[in-house]
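What follows is one chain in structure tokens, specifically the form predicted on its own.
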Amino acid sequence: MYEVVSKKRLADSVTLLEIQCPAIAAKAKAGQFVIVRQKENSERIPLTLSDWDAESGTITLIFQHAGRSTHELALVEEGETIRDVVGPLGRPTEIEKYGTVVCVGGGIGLAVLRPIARAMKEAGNTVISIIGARDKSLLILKDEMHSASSELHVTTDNGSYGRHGLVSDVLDELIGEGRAIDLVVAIGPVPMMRGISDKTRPHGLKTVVSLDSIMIDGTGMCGGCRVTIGGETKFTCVDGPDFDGHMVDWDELVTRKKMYSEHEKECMALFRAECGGGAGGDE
């Protein structure tokens, strides 16, 4: 059992949990994830590490309340426990001194991007971060991304904070200005990562994305998280989650992520009924 030592609501339908996991905190690296099971009969949920502290033995998870399992997880309070936390899993992000690294993050993807940007800066890179959300109320980790970056650009789709527009608009400008860019890291919704990859491909800019395909065991045994990269089958849990954005079969990824959408809706409807029409205060 793993104790929740801290809980915060970061934005609408976004929760941060700090969990006591000494063994994981001691080995965690940027880009890796854990699989969480709240209780005995709960679904196993893969969540990328947003932070960790080897000294205190804690890890930090930030997640959006998207379906029944994440809504249930958001109901766990400080001092309560989580049944299982397995990790760290996946290949760490390749951190080295590239030169100038542009880190592009959207929505909940900022939870994943934060430790990567920090590690890139610590490795001696100039880190230009472009972060965005649909609305100011959904923007998370702005201060943390500022600390992890050499230069920070903030956008919102509706102009409620920062620049009015998309993260890709800022990337377009940087490329158009002839800024020297050695690596682009894009993490966020699939359409955003796909769009960034499409923009960098003509310029030959190496682009890394972090994929969140459907996952079950996290060890490469079940094959549920398979993706096609450069025409070859890879497993997100053991070969990723980082992949070359120019090699991803995005159409296949989108199709596979929708496989259980109807079942997910049914589970969420049942959960809302069990909660008397509510869903953990997110209505």
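Because the structure is predicted, anything quoted here is derived from the model rather than measured. The first residue of the shown sequence is 1; numbering continues from there.
The following text describes the form predicted in complex with a small molecule, which does not appear among the structures shown.
Engineer: In the predicted complex, which of 38 to 46, 51 to 59, 22 to 30, 244 to 252 comes within 4.5 Å of the small molecule (heavy atoms)?
Structural biologist: Heavy-atom contact with the partner occurs in 38 to 46.
Engineer: Which residue among S149, S213, T155, N125 has a heavy atom within 4.5 angstroms of the small molecule in the predicted complex?
Structural biologist: Only one listed residue qualifies here, and that residue is S213.
Engineer: I'd like to check something about V101: if you look in the predicted complex, is any of its heavy atoms closer than or equal to 4.5 Å to a heavy atom of the small molecule?
Structural biologist: Taking the distances in the predicted complex, the answer for V101 is no, it never comes within 4.5 Å of the small molecule.
Engineer: Is I108 close enough to the small molecule in the predicted complex to count, meaning some heavy atom within 4.5 Å?
Structural biologist: Yes, I108 is a contact residue.
Engineer: Do T228 and the small molecule share at least one heavy atom pair within 4.5 Å in the predicted complex?
Structural biologist: It does not: once the small molecule is placed as it appears in the predicted complex, T228 has no heavy atom within 4.5 Å of it.
Engineer: Consider V112 of the chain shown here, and say whether it contacts the small molecule in the predicted complex, taking contact as heavy atoms within 4.5 Å.
Structural biologist: Looking in the predicted complex, residue contacts with the small molecule include V112, since a heavy atom lies within 4.5 Å.
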